[in-house]
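Presented as structure tokens, the chain that follows is alone, the form predicted alone.
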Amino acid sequence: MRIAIRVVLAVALPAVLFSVWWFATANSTNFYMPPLREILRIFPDVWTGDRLRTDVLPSLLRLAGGYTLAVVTGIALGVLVGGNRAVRAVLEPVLEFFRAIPPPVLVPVIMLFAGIGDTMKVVVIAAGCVWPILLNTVEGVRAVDSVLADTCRSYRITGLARLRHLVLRGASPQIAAGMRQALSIGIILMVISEMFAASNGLGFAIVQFQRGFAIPDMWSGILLLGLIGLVLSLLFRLVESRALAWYHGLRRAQRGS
């Protein structure tokens, strides 16, 4: 029941915005702002099975690859930095320097080393997604309950057992928050990376529509991009609610008391 309520709340605002878009453009004669009904009419003609396979699927695979790389790198480096004061003192200034660089600016640089293929696009996505995961992991590891840490030390729970049951479990709510932020960043960088020297992908298709003055087709691509973001967000919320059920139950119990 709670999951159904969360789904309704998640789609409520998009539904309102969708309605506003419909009525605001109902009588539009602006070439660059066609009516929403026209966009919806051509949507199934534009995004056929072939185009979904040649443009949308490659984009999702690049997003999955870059996001997975960012999650693994961000959590591993975050545990290292957050759990070791000396390492944090050495790496923190460097990390802050690179974090301040906007990922889209790195696209030309990454192209020099990784070429213009899928590797470049995956690296660009990973380079942008890693920071919220890394920083949230660092803060989550640093905030692990000291009493639980002392208990593990007393019972000589060390190594992988300590990492799994204390560090990662204690930091998991903040890690999940970083992963949620990184997902939206990844979708943005997926599109941006495909606007540079690409031959397929959702971002490539949208740019091609714009250059060919196929404005309704371009808007249909933007609409599809928003729908993909919404679906991925809902899926992430579902997985998060299952994985962190213990944490949400603890929060509800604390509020109830």
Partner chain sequence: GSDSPETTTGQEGSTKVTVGVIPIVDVAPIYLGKEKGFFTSRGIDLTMESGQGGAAIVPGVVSGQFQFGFSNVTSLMIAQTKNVPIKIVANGVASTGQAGADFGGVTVKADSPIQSAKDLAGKKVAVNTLQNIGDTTVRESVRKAGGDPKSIQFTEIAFAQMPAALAAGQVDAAWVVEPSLSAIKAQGGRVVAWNYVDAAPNLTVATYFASTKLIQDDPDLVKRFTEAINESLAYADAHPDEVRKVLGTYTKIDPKVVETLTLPKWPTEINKASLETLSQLGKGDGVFGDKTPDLGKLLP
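Each form is matched to the other, and the largest set of C-alpha atoms that superpose within 1.5 Å is called the rigid core. These numbers come from a predicted model, not from an experiment. Numbering follows the first chain given and starts at 1.
The following text describes the form predicted together with its partner chain, which does not appear among the structures shown.
I'd like to know whether Phe204 contacts its partner chain in the predicted complex, with contact meaning heavy atoms within 4.5 angstroms.
Answer yes; at least one heavy atom of Phe204 falls within 4.5 Å of its partner chain in the predicted complex.
Tell me, yes or no, whether Ile116 is in contact with its partner chain in the predicted complex, where a contact means a heavy atom of each within 4.5 Å.
Contact check for Ile116: yes, within 4.5 Å of its partner chain in the predicted complex.
Can you tell me if Gln210 lies within 4.5 angstroms of its partner chain in the predicted complex, counting non-hydrogen atoms only?
Output for Gln210 is yes: heavy atoms within 4.5 Å of its partner chain.
Leu57 versus its partner chain, in the predicted complex: is there a non-hydrogen atom within 4.5 Å?
Flag for Leu57 set to no.
Though its partner chain is not shown, can you say which of Met195, Ile42, Ala64, Leu52 has a heavy atom within 4.5 Å of it in the predicted complex?
Looking at Met195, Ile42, Ala64, Leu52 one by one, just Met195 meets the 4.5 Å heavy-atom criterion.
Only one of Val71, Met111, Val123, Leu77 comes within 4.5 Å of its partner chain in the predicted complex by heavy atoms, so just point that one out.
Contact residue from the list: Met111.
Going through 19-38, which residues have a heavy atom within 4.5 Å of its partner chain in the predicted complex? Please give them in sequence order.
The stretch 19-38, when checked against its partner chain in the predicted complex, contributes Asn30, Phe31, Tyr32 at the 4.5 Å heavy-atom cut-off.
Classify Pro173 as shifted (yes) or not shifted (no) between this form and the one not shown, where shifted means its C-alpha moves by 2 Å or more with the rigid core superposed.
The answer is no; the displacement is under 2 Å.
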